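In the form predicted on its own, a lone chain appears below as structure tokens.
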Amino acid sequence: MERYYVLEPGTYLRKDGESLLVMRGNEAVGRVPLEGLEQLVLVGSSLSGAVVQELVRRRVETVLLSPWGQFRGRLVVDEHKHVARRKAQYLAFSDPRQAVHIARRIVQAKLKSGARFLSRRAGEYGLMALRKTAAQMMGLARMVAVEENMEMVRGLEGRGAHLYFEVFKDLVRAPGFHFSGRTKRPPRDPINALLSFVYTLLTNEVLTAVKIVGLDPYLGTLHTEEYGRPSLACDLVEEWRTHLGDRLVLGLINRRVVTPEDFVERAVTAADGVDEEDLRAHRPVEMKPKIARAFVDAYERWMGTSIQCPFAGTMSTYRGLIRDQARRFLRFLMGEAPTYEPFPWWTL
């Protein structure tokens, strides 16, 4: 077992021999074998000091997410052995021309991928609104390609995201769901809850890939510096959002694998809470435990999907592609490639 998800908010972990027990009060509600464990993802769960020491000793990367999937922190053994790579990153990102070049490549790829996805669905569903938005996003992609101002690049990315989510409701073909726009921190409806969750999981994938190649995940270009935010991972996840995140969520919804009855929705005016129980009571939407586990299982199967890499011509998985792209980004920073080539979803 390489990766394990603890999806029971309000629980804590306790060491028990060669396993970790998932405890709710005095009752064990799950068990995590430590043998072979490489990554542990905790959604609204907490750790004791003894468990932290054991995870560090075994070099298990541990990711902490809020009950609605927001990234809170990461426990990782950092070896700092790739000084030259981080130095190359710092030099490139401190050069305004290089920084805007990188951001431009990322945003252009995101816009073209989103446009390609909408164009395909427009043909399948016979919806002119999707085709019109796809054309607008391609226009933005052409504008980004020649833009030299970072704030303008960010603005075009924001405009593209607004256009995309304006028509996102037309991609939902299953009855009972509603989507009136993108909401987060916290998400306000089941679709936004699923999108936030899958984006967090994907960002975690990219963050791991960035760490593996030895770059600093907290310094990006498109996303500004912000305390605790892995800005480089937030930058590089943009090329994966539509085709790995949105397609998975929409597929599960449109195939009726996920239904509105799988969620608890609450009419709340304030989403803050004084403790975990209070926070949970004020959460606008919540996945029922059974569907949360089914969603993570579907995500793991999805990330294991095989695909031929257009760069190398070899077969890989979606998870493998993310790690390959991190290595491709590193080669660009080290001067071994003239530019960074985002994954070309729009050509597939």
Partner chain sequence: MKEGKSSPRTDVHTKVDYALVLRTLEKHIAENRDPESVLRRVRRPEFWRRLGPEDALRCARLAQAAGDMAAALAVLEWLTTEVPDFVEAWRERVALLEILGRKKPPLASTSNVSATQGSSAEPETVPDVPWDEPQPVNEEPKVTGLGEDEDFSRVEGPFWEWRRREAAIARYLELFRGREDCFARQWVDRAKGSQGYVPVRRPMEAGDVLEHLQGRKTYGIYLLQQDSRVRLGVIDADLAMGLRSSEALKQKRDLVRREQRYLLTRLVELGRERGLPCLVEFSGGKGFHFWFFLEEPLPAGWVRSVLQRLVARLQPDLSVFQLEVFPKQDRLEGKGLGNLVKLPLGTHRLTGRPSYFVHIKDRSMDAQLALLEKVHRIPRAVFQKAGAGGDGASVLVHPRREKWAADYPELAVLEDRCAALGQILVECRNHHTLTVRAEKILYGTLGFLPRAKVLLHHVLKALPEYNPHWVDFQLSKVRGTPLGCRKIHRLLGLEVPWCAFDTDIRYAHPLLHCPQWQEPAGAAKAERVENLRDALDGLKEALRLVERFLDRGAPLKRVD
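Note that the structure is a prediction, hence the values are computed from the model and not measured. Positions refer to the first chain, counted from 1.
The protein also exists as the form predicted in complex with its partner chain; that form is not presented, and the subsequent description refers to it.
Comment: its partner chain is not present in this chain, but in the model of the complex one of Ala193, Val210, Leu140, Leu222 has a heavy atom within 4.5 Å of it, namely Leu140.
Taking Lys169, Arg229, His162, Lys184 one by one, only a single residue has any non-hydrogen atom within 4.5 Å of its partner chain in the model of the complex, and it is His162. Residue contact check for Asp189: none of its heavy atoms lie within 4.5 Å of its partner chain in the model of the complex. Among heavy atoms of Gly73, none comes within 4.5 Å of its partner chain in the model of the complex.
Interface residue remark: Lys290 is counted as part of the site for its partner chain in the model of the complex, having a heavy atom within 4.5 Å. In the model of the complex, its partner chain sits within 4.5 Å of a heavy atom of Gly126. Taking the partner from elsewhere, every residue among Lys132, Asp297 and Thr305 has a non-hydrogen atom within 4.5 angstroms of its partner chain in the model of the complex. Exactly one of the stretches 232-240, 200-208, 141-149, 101-109 approaches its partner chain in the model of the complex with heavy atoms within 4.5 Å, and it is 141-149.
Looking at 48-63, no residue comes within 4.5 Å of its partner chain in the model of the complex, counting any heavy atom.
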